[in-house]
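Take a look at this single chain, the form predicted on its own, given in structure tokens.
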């Protein structure tokens, strides 16, 4: 089962290397990784996706908490959370396919961020399933290049009346 972990870590050289080393040393795979500084420049927020049963995820969380650079680890998959990815997709846009590419971008609320005589570059933001759906529909039109971010996630606030 896929899990998304939110890790608050010290923003220092080698912190990410130690986290990656923990995963590779124990034979765990990082499927997606995204790191950026928080509002406090001494801290970074790391979001990573990995797979495993509950016992493996529990072991990963315990091992992460042992690292000196790590302040907090939360498995956001255990509650309600918001998850997003972003992809830049360069698609062939010749005379006969331009209208179809524009139609697809409207349907999926993509932004066209670059236009050339023969290509459109689309920005797609949303859950992984949306990115996959856009890619599958654009493949027949001719995807020339694609770059994708890792998953970012946050727990939802509890709703009260």
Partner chain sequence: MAKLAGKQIILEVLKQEGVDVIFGYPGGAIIDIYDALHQDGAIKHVLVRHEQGAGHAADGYARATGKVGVCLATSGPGATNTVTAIATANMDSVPIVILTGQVPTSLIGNDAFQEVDIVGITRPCTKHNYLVKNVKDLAKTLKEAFFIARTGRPGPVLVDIPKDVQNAKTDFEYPEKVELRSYITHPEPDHKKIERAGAMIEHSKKPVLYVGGGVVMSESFDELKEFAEKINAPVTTTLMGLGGFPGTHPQNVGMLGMHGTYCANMTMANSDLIIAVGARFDDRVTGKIDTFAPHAKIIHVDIDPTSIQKNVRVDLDIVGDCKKVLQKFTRQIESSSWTIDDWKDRFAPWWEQIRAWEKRHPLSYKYDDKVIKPQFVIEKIYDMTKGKAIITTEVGQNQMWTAQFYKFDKPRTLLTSGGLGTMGYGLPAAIGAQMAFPDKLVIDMAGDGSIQMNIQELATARQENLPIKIIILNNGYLGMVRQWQELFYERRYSGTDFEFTPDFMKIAEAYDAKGIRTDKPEEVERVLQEGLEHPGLTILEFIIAREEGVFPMVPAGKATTEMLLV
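Residue numbers count along the first chain shown, from 1. Just so you know, these numbers come straight off a predicted model, no measurement behind them.
Another form exists, predicted in complex with its partner chain; not displayed. Remarks below refer to it.
Counting only non-hydrogen atoms, choose the one of 128-136, 106-114, 63-71, 89-97 that falls within 4.5 Å of its partner chain in the predicted complex. Of the options given, it is 63-71.
Heavy atom of residue 14 within 4.5 Å of its partner chain in the predicted complex: Yes, residue 14 lies within 4.5 Å of its partner chain in the predicted complex.
Its partner chain contact at residue 55 in the predicted complex, heavy atom, 4.5 Å: Residue 55: yes, in contact with its partner chain in the predicted complex.
Please tell me whether any heavy atom belonging to residue 43 falls inside 4.5 Å of a heavy atom of its partner chain, as the geometry stands in the predicted complex. It does: once its partner chain is placed as it appears in the predicted complex, residue 43 has a heavy atom within 4.5 Å of it.
Looking in the predicted complex, any heavy atom of residue 148 within 4.5 Å of its partner chain? Because no heavy atom of residue 148 falls inside 4.5 Å of its partner chain in the predicted complex, the answer is no.
Triple contact flag 10, 18 and 59 to its partner chain in the predicted complex, non-hydrogen atom at 4.5 angstroms: Spot residues vs its partner chain: full contact, yes.
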